[in-house]
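Below, in structure tokens: the form predicted on its own, a single chain.
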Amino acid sequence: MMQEHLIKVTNVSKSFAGVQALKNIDLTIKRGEIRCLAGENGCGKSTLIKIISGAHVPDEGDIEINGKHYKRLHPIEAIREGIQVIYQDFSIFPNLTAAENIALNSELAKNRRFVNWKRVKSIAKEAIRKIDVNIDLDAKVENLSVADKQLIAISRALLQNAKLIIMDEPTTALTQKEVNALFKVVKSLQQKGISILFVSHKLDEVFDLAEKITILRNGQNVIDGDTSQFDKEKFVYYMTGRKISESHYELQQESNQCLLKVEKLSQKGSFYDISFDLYSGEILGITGLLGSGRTELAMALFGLNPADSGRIYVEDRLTEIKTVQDAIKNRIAYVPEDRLTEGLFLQQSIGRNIIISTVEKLLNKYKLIDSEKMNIQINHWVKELNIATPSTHLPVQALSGGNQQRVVLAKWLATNPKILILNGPTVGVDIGSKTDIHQIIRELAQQGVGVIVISDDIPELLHNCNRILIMRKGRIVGEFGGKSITEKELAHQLSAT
């Protein structure tokens, strides 16, 4: 008789260099079940996933898969048992075609010495047919959308006879339309008896998709149960250990001080005739689907890729912003969309990342860094932004996503900006860190900083922004007060794009 559960983890513990990552973890996943694994960054989710997939060996505990018990599970054994992990980077080769990415693993597994390209194409066609999607199999993966890359990773997993697909933050870079399409694919996999374990911080997605929820905190089980047992408040409480209330940001008083005025700003192929004002103490939201031109606009305002035409006024002064140095000189700061590749030097220390934008101000008369000044600045921002680290000498890649984002903020806040542009400020961070970052943004606005938040996180925009601009095909097509539009209405405006 086939067991109801596919995988059962019992009393699993794991330490790294004396730090307890997991303690007595239990997790059961049934066949054909969709389960959400939730918890703040650093709670042990990634470690647990790596133990289930054989990448880490537990210090103690038992892993049962398909009725077989393992104390030590090797990656090849996990694959043979039908466990596939789709990480955020999808582990695909950008220089290969979609067909090659889907089929070559299967060819290698069969120890084929020569590649039959006709067979590769045929295998790939059959794989995408299983999930009923259309992908250009001849296209190089680097030219495909994030959504298509994800579908390629899913198709490849199915070729390995997947019984459990683990998806790590699967919707981070997807539009709402793409999220809906992905969920359709996930539910079709469930109907075929495939189990799904997905990691997500997005509450709406958890309640829309998951049948069961497992929440970890500080490496331990906190709660495990049917999704119907949870509401958003309960979910957040078990994740963070604290009650988090959602409130709208209120301007303390309307300001007449215009910090940034943009008139008919255009950049060929990216955005056209963009005009708006940003006032002192205001949080202005900009949203739109990927490809709407919102990121290109932010980069132009920061001098990374200057506009072709139009005018920019900073505090009523007509200003040319052709370089990043021009932007910094005008007290404009920019936190980029991808902190890992654009915002941080991952192998450098936390301290060095914090001071990198203000090194010149820390030099003594001999043009050497004044150690005392440097340490004062580093310690100030670690304390001010509550960056959780035992030492600022650790590489910044050792931090959780939320703390990495605080380091990027610290780097630019150290420049004492009057205008702060935040592109996806809370992408990939947990609910607790997200709330803390929102509070930092509000406090900066209350101190007179003008903040631009570029995001497709609708609740984030509605709760924090006084005004929201919607971009479509490189143009601003709508403006709404933060309290004058509902979540449903704003989602509809975005989907209309």
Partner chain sequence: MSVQINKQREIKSFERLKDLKAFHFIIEDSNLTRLFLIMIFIFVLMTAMKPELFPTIDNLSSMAFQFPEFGILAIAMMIAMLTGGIDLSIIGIANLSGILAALTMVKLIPEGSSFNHVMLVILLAMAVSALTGILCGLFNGFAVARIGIPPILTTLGTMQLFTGIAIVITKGTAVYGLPAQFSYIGNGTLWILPIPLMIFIVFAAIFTVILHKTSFGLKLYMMGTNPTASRFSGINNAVMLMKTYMMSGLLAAFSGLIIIARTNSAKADYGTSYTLQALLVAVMAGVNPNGGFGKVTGIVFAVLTLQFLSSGFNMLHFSNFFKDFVWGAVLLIVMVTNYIINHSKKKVSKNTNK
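Numbering follows the first chain given and starts at 1. Quick caveat: nothing in here was measured; it's all calculated off a predicted structure.
Heads up, the form predicted in complex with the partner chain isn't pictured, but that's what we're talking about next.
Participant: Let me know the one among Ile123, Ile356, Val185, Val206 whose heavy atoms come within 4.5 Å of the partner chain in the predicted bound form, would you?
Facilitator: Answer to the contact question: Ile356.
Participant: Have a look at Ala147, Leu159, Met299, Ile213 for me and say which one sits with a heavy atom within 4.5 Å of the partner chain in the predicted bound form.
Facilitator: Only one listed residue qualifies here, and that residue is Met299.
Participant: Is Asn180 a contact residue for the partner chain in the predicted bound form, using a 4.5 Å heavy atom cut-off?
Facilitator: Close contact is absent here: in the predicted bound form, Asn180 is far from the partner chain, nothing within 4.5 Å, heavy atoms only.
Participant: Is Asp277 close to the partner chain in the predicted bound form, meaning a heavy atom pair under 4.5 Å apart or at it?
Facilitator: Outside the cut-off, so no.
Participant: Looking in the predicted bound form, any heavy atom of Lys261 within 4.5 Å of the partner chain?
Facilitator: No, Lys261 is distant from the partner.
Participant: Counting only non-hydrogen atoms and a 4.5 angstroms cut-off, does Ser400 reach the partner chain in the predicted bound form?
Facilitator: Contact with the partner chain, yes.
Participant: Mind checking whether each of Asn218, Leu304 and Leu340 has a heavy atom within 4.5 Å of the partner chain in the predicted bound form?
Facilitator: Result yes, every residue of the spot touches the partner chain.
Participant: Could you tell me which of 191-199, 226-234, 124-132, 388-396 sits within 4.5 Å of the partner chain in the predicted bound form, going by non-hydrogen atoms?
Facilitator: That would be stretch 388-396.
Participant: Sequence order please: the residues of 312-344 with a heavy atom within 4.5 Å of the partner chain in the predicted bound form.
Facilitator: The stretch 312-344, when checked against the partner chain in the predicted bound form, contributes Val324, Gln325, Ile328, Tyr334, Pro336, Leu340, Thr341, Glu342, Gly343, Leu344 at the 4.5 Å heavy-atom cut-off.
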